[in-house]
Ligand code: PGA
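Read the single chain below, which is given as structure tokens and is the form predicted on its own.
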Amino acid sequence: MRKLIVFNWKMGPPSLAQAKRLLTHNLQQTIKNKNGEIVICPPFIYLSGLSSVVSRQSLVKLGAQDVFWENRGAYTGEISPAMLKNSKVDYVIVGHSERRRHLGETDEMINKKVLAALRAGFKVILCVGEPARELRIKNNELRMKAAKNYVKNQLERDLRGIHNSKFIIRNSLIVAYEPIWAIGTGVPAEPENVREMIQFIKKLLITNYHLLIPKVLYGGSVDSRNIADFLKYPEIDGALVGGASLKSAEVRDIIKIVSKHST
């Protein structure tokens, strides 16, 4: 099974020229390593400039870091699904914890974004994950129980109305499990705990939302030193990579490792 790796560039690099160089490097590495699927999620301002580079290499897809739930209207600063379509975007990240925390995104807002993005035909990467307070529970079994309950509630709120919708989401909804306490800290979650959580999420998606083959990624301080620890499990379908996305050597090594764990 081919692993999916999403490189979230967050608010970098600082120029389009640098973005093109980084993307070209990613393309070259992907051509050498035919296994796996790579998604690049740059800042909005670079999407149009990078779309022509991506279109020449089908193994690399372009993703957006967010989307608004309306196609038009007086929503200053927002980017509509129609705008992203015109920039040749295939994937959209929704509900990243940094947007939840810094920009006050609620589950109600995220739910509207998920529905709008799916209706527009995007593959949606929905981010969920528990906060640090669950980490403070010393007993691993109790900690996992609290984390699962938190994620279950998130999914129920973020995916409200999905199973009643008329559009097909069978292959369009991807969940990224990102425990908030692991993002940007350099301390990833334990791979065995991630495996258990992803099994739990997949069971929920199959039972409650009738997804036949749900896809779930892991994110949170993923880099070339630890990504193999996660990808070795068949239940983990790939990774959402943050800070390491902007380091050429890291990107090169990550793609090589992904190739070894994809079939």
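Sequential numbering from 1, following the sequence displayed. Predicted model, so just to flag it, every value in this text is computed and none were measured.
Omitted here: the form predicted in complex with 2-phosphoglycolic acid. The next part is about that form.
2-phosphoglycolic acid in the model of the complex is not approached by residue 20, whose heavy atoms all lie more than 4.5 angstroms from it. 2-phosphoglycolic acid in the model of the complex is not approached by residue 124, whose heavy atoms all lie more than 4.5 angstroms from it. Proximity of residue 13 to 2-phosphoglycolic acid in the model of the complex falls outside the 4.5 Å heavy atom cutoff. In the model of the complex, 2-phosphoglycolic acid stays beyond 4.5 Å of every heavy atom belonging to residue 26. None of 182, 151, 92, 114 but one reaches within 4.5 angstroms of 2-phosphoglycolic acid in the model of the complex through a heavy atom, and that residue is 182. Of the candidate stretches 60-68, 37-45, 202-210, 221-229, only 221-229 contains residues with a heavy atom within 4.5 Å of 2-phosphoglycolic acid in the model of the complex. Scanning 230-248 for heavy atoms within 4.5 Å of 2-phosphoglycolic acid in the model of the complex gives 240, 241, 242, 243 in sequence order.
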